[in-house]
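What follows is a single chain, given as structure tokens, in the form predicted alone.
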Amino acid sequence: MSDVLRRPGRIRLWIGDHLVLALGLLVLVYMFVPIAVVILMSFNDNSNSRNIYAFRGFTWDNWSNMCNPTGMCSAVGKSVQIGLLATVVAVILGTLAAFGMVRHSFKGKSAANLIVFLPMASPEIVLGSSLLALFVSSGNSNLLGFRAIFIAHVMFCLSFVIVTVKSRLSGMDANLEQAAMDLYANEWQTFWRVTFPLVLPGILGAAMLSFSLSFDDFIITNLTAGQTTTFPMFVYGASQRGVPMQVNVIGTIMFLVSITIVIGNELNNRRKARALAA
């Protein structure tokens, strides 16, 4: 009789222990289903059909003829080039700004913290149209294009870099730097041997986020592109006639590169943890 009475409690306990795990798995499935569709469609032999979502058969041609749609590889190269340049500049400026905002007190610091969030909170159509008006009013029509896209991408990536690095700096234990200086390390040695390695994961995370945002951006890029065509703009133009399957190949490659970086970083962290434990 007592086992019967305890059984509902055991069931509730089992459900409580496994509900969060089940919900987490459902969320992961929900997130990765579109990625799985992109990977599947990269092998789809459906070049002659406007119904791009119909799987006609398996083929390697999409991978072997990756640049078959005229201008696609050029657009991808342009997006990668802009993304890398914007990421480097945004990470350098954003990291310096984050150090200044966390480590120093100055007049207008609260206002500066608020202003940093404005590009993140503003709709992209507002930022894009404002930048277009700025570049056109400058009187130099040649400014639109690669340079305008680069300036625009640095602008909106900068906020994400500052916020990411600031969160890393705010959570860092200042006693570690003081301990290094107590052991006769000067400020330069303390920065490169203690501070920078601790902040580096935040900087790398900000860099990956910046490159992803730059490579993926369409609205701001479309308003400031002029005659320049990036990969998102190429996909938008191609969608009017039917998206080529090679677009899914580029998407799959970008996903594999991202997941490789994440897995490599995790394996490196585990290796360091084992070395410290030993």
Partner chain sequence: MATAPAAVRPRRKLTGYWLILPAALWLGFFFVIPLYSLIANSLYDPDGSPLGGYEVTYHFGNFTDALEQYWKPLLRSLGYAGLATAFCLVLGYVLAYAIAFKAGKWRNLLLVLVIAPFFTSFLIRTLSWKLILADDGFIVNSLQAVHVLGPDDRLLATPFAVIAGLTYNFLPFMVLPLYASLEKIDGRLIEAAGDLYASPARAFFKVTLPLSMPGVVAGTLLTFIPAAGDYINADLLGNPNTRMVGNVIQDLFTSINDYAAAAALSVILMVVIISMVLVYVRKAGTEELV
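What you are looking at is a predicted structure, and each value in this text was computed from that prediction instead of being measured. Numbering follows the first chain given and starts at 1.
Keep in mind that the form predicted together with the partner chain is missing from the display, and what follows is about it.
- Using a 4.5 angstroms heavy atom cutoff to the partner chain in the model of the complex, none of 80, 163 and 228 count as contacting.
- In summary, among the residues 88, 133, 204, 73, the only one with a non-hydrogen atom within 4.5 Å of the partner chain in the model of the complex is 133.
- Although the partner is absent from this view, residue 60 stays clear of the partner chain in the model of the complex, with no non-hydrogen atom inside 4.5 angstroms.
- Residue contact check for residue 154: one or more of its heavy atoms lie within 4.5 Å of the partner chain in the model of the complex.
- Residue 45 falls outside the set of residues with a heavy atom inside 4.5 Å of the partner chain in the model of the complex.
- Contact check for residue 146: no non-hydrogen atom falls within 4.5 Å of the partner chain in the model of the complex.
- Shown here without the partner chain, the chain has 170, 172, 174, 177, 178, 181 in 170-186 lying with a heavy atom within 4.5 Å of that partner in the model of the complex.
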